[in-house]
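Next up: just one chain, as structure tokens, the form predicted on its own.
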């Protein structure tokens, strides 16, 4: 009976510990924001530009990782506490401050309930005043380009591309047609014009989503104009 009693007590203790483990609260504080440059949203490719959040004092724990949406917005569910936010090296069509060679700068974030924090970056270029229209199954885009980084870190334009797609996800990997113009062929940064033919769409629809992307020479990620819906 004594042995059985001990077994019962041990079973109850394990069951209680298991319940406590299963009843841990999930993170409930939401950190949201967007990529910006002087208040202007920075548009990127969906799910391609990552960010990382670290909790100081937790040893070598892996970072909490996420990616930006195509409009530059982000969201992460966290426990309350202190974090450091950063963007990994060689990611994004912009520069991120380094405190020393190869050491990425971080933004200190104190989470105490849900909050918003925009992330200021410095893009190599901006696509401004984009006007995208459609007629006779042709989409036309007219836009201005602005070179933001002009010092020793400046880079050339690799190309500009007009993408169209059936859905709101529009990029090099999500499109039904695109027209690309090499950076060397751009003679003026103002009033750049590109057009693309709309292919046959099944099932038929009388609209497409479009945006312009700029590829910076030597940089993997592109910067984009906002997605627009155009009818024809």
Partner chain sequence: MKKISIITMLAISVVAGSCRKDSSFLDVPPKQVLPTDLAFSDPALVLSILGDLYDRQRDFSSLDGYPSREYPQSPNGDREPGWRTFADFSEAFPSENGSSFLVQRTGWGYGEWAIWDYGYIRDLNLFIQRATAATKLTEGDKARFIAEARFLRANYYFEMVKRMGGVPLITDPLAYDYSGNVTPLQRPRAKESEVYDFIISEAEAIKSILPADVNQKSRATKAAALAMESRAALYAGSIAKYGATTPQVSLPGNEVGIPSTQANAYYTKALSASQEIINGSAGSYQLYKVLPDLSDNFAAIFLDKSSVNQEAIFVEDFKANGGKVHGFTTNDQPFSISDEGLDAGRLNPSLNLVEAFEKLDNTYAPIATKDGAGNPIYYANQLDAFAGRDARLAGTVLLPNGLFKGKRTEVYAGYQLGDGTVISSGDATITQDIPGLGKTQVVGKDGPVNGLEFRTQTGFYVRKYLDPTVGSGRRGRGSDVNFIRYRYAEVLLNAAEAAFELGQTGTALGYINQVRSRAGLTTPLALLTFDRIVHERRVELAFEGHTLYDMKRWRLATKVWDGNQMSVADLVSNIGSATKHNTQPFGLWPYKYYNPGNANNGKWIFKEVKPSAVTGANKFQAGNYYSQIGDDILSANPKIVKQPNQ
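Numbering follows the first chain given and starts at 1. Everything quoted here is computed from the prediction, not taken from an experiment.
The discussion below concerns the form predicted in complex with its partner chain, not included here.
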task = Name the stretch: of 129-137, 144-152, 69-77, 86-94, exactly one has residues whose heavy atoms fall within 4.5 Å of its partner chain in the predicted bound form.
result = 86-94
task = Assess the spot marked by 48, 62 and 172: is its partner chain within 4.5 Å of a heavy atom from every one of these residues in the predicted bound form?
result = yes
message = At 4.5 Å between heavy atoms, is residue 207 in contact with its partner chain in the predicted bound form?
response = no
ask   = Would residue 54 sit within 4.5 Å of its partner chain in the predicted bound form, counting heavy atoms only?
value = yes
query = If you look in the predicted bound form, which residues in 210-232 sit within 4.5 Å of its partner chain (heavy atoms)?
reply = 218, 220
